[in-house]
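The form predicted on its own is given below as one chain in structure tokens.
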């Protein structure tokens, strides 16, 4: 399968934080959710993909080409949306159209007008009067209007109400329907990822914890709820993490490997993320 994005050994060091040997690959025609807590390294990774900051080591390939050597060509074919609007407040959508058609060779004014209409965005109203949701829709409309093959999104739905978030997620799903387009979506809203992602990469404290198909993750893991005595007798080989309370134990387990008969609930992506980190912490304490 062809990869639209490949990251190998990517490292960036700051005082007090290191993005450490990041490896992941996004197959063409898919959506990868890039999850992790605030400060885990998601935005740093995106800045390195875009060559906004200098990497200390490793490599990044977009469309099979080095992101530094072929930077201009690559950026013609990607759309980027950050968690905040970067357009000056004194501009309007018409101004954005004029600016972008002089930046992108493939700028499509008809497509831009289509998205303005679809999102109910005024063409002549100053951006400073836009709501947060309107600003995000304008950023997405811009990203989708120059025939981009890859969208790189950094917390695009953060702070938006559920109705607008759902609308935007549907747009992302439409974008990849032809299997020629791909999305790399960084977010801490795991419910968004669970709805649209094909693959999930989880980063914690600057290190990749796992990169896996969403369907495989959801099929593999479940949340076991049992008495403490039952948990103590359990084979811990299949336990990824747990928490104890006065009522018993909740544990993330590889549900198909348990020989004993237990009631195992569905594990959400958030469950998998939290229990996996908790499990790693427990191992360090126990050792």
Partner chain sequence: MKGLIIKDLFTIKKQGKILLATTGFYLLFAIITKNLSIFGAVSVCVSILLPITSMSYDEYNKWDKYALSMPLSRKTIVLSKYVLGIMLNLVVSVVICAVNIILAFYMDINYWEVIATTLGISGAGILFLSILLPAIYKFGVEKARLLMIIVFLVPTLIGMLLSESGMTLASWQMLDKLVYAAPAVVILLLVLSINLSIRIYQSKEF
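Positions refer to the first chain, counted from 1. Bear in mind the structure is a predicted one, so any value in this text is a computation, not a measurement.
There is another form of the same protein, the form predicted together with the partner chain; it is not shown, and what comes next is about it.
For the chain shown alone, residue 47 is a contact residue for the partner chain in the model of the complex, at least one non-hydrogen atom being within 4.5 angstroms. Although the partner is absent here, residue 80 sits close enough that one of its heavy atoms falls within 4.5 Å of the partner chain in the model of the complex. When the partner chain is considered in the model of the complex, residue 202 lies well away from it, no heavy atom lying within 4.5 Å. Within 4.5 Å of some heavy atom of the partner chain in the model of the complex lies at least one heavy atom of residue 90.
Each of 14, 72 and 100 comes within 4.5 Å of the partner chain in the model of the complex, counting any heavy atom. Between the partner chain and the residues 126, 108, 194, 166, the one pair within 4.5 Å by heavy atoms in the model of the complex involves 126. 86 is the sole member of 131, 120, 86, 177 with a non-hydrogen atom lying within 4.5 angstroms of the partner chain in the model of the complex. Picking from 202-210, 167-175, 92-100, 184-192 the stretch near the partner chain in the model of the complex, with a 4.5 Å limit on heavy atoms, gives 92-100.
Residues 47, 50, 51, 52, 53, 54 of 35-64 are found to place at least one heavy atom within 4.5 Å of the partner chain in the model of the complex.
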